[in-house]
Structures are given as C-alpha cells and as structure tokens.
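First, one chain by itself: the form predicted on its own, in structure tokens.
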C-alpha cells in the first residue's frame, strides 16, 4: 500500500472516530482551524519550491515571475468575489472540482485523465453540498435563487442517497485501475459528510483526504530532509497566508463580514487555491 493511501486511511479512521464519539457542532470551528493551520494551508505553502523541482514541467523562468503570477491570481480571485459572489463561487467550484478529483484518484488511477479528475472532484463537492444543503442555504444568502428554495420536504437521507447514486452513475463508464477501492473511499467520505456539519465535513476531507496525502507526496520529493525539516519549510508561507486572511478581514466590505464568517473563510481558501491548482497539476503528473 502506498504512503498516500495510508495517509488517507489515517484521515478516514480519525473522521469515523469523531462521528462515533459524537463530537458536537460547537467544536467545528476548533477542528477546522486546527486542521487548516496544521495540514490544510501547509500543503500549499511550499508551492514556491515545488514549482521549480521538475524542470520538464516548469511553468516559470524565475522566482520573480512565479510570485508575480501567483499573487496576481490571488488578487484576481478576490476581485471576482467582490464584483459578483456568484462568479467567485462558480470559479472556485470549477477549479476545485478538477483539483480535488486529480488528487483523489492518486493511488487508484493515473492523473492524466482530465475528464475523470473533474467528474470525481465534482462528485465530492456535490456530496459535500447535498449532505449539508440546509446549512449551505443559510451561508449562501447572497444567492437568493438558491437560498430561497424550499427543500424542507426532503430529508438528509434523501440527499445522501442521491449523492451516492450520482457517484455510481457518473464514473461507472470510466476504466479505472482500482475502481472498487475508489468507490469504497468516496462512499465513506459521503457518510462522513452526512454525519458532520459543513465546516467539519470540509475540514476532515480537505485536511486528511486531500492535504495530508499531498504533504506526504511533497515530502518524498525532499529526499535529503527529515519530515521535521521539511515541515519547517512550510511555516513561513503558512504564516503569510494567515496574515493575508487577517488583512482581508480588516479591509472587508459587506460581503467579507463577521456576519458570514464561513463564507469569508471559503473566499480566502478559494483565493489561495486558484494559483495552487496550477502548481499541483504539474507536480502530480505521472503519479
């Protein structure tokens, strides 16, 4: 079993333990902050190193170009959210569908099937949203066409079953090398989404089924480093990311407000994700 799959099993086991012991929703912010600071943000905090590891897949001629493009994409994403929350959300979903799917299939199939990557990622996000759809409606009040829908006649079990059925149908025709284990992992993830609130669901998936496996892969590229030395390299940009979020929070408008903290957090995540996706796309080739 690969180290990537082992790290995923650790995350799934932890998530199941949290469900078994019935962790209250009041702890969701603590879980989210801990996971994001310890695993989530650090896995993208060495993009400036990863981008130059493989000369064959290198997009940037020098560090100046890298930082210019990287920061420009972050600013552009924030601009999209400010002028149109719907546009910002749409871009985030499209980018995340491909990125999450691309990393999810590692260990089960090669990553060069772009259609499969997108479909797997879309299934994950769809399940996350369906299984927390009532909470999502409260958060996305900025999109009245969605938030005003009356879905009270449907139960959470209905949305769970719908997400599983869509998973089975949507990737049934793909020739996946290890289809059954992929189905099994994603089904477990769906049950985690069903049993936990939106913030905890996202934290558990993003932290332990996405970020941790990527941290493991990145660590393997630093052959001469211990894990401690490798992890220390992630700290400067992890700190900068936190400062970036804090500054954005101070200079907010009515969209980036404390009244909708979860939406604000996702705006920050989407802004950091946009440039990160292109770096990871090169990094995971042939994995």
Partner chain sequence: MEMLNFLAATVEPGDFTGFTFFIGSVSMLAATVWFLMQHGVVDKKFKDSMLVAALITGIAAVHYFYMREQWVMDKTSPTELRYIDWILTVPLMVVEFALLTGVGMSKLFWLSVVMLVTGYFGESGVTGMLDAQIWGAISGAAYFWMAYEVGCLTIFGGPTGAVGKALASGSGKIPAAGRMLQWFVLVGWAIYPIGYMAGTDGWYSFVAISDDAMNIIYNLGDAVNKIGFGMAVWYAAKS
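Because the structure is predicted, anything quoted here is derived from the model rather than measured. Positions refer to the first chain, counted from 1.
In what follows, reference is made to the form predicted together with its partner chain, a form of this protein that is not presented.
Visitor: Would you mind picking out the stretch of 78 to 86, 98 to 106, 175 to 183, 205 to 213 that comes within 4.5 angstroms of its partner chain in the predicted complex, counting non-hydrogen atoms?
Guide: It is 175 to 183 that comes within 4.5 Å of the partner.
Visitor: Does at least one non-hydrogen atom of residue 165 fall within 4.5 angstroms of its partner chain in the predicted complex?
Guide: Residue 165: contacts its partner chain in the predicted complex.
Visitor: Find out whether any non-hydrogen atom of residue 10 is located within 4.5 angstroms of its partner chain in the predicted complex, and reply yes or no.
Guide: Contact check for residue 10: no, nothing within 4.5 Å of its partner chain in the predicted complex.
Visitor: Verify the contact flag for residue 90: yes if a non-hydrogen atom of it lies within 4.5 Å of a non-hydrogen atom of its partner chain in the predicted complex, no if not.
Guide: Looking in the predicted complex, residue contacts with its partner chain do not include residue 90, since no heavy atom lies within 4.5 Å.
Visitor: Give a yes or no for residue 187: in the predicted complex, does one of its heavy atoms lie within 4.5 Å of a heavy atom belonging to its partner chain?
Guide: Residue 187: contacts its partner chain in the predicted complex.
Visitor: Let me know which residues along 148 to 171 have a heavy atom within 4.5 Å of its partner chain in the predicted complex, or say none if there are none.
Guide: Sequence-ordered list: 153, 154, 155, 156, 157, 158, 160, 161, 164, 165, 168, 169, 171.
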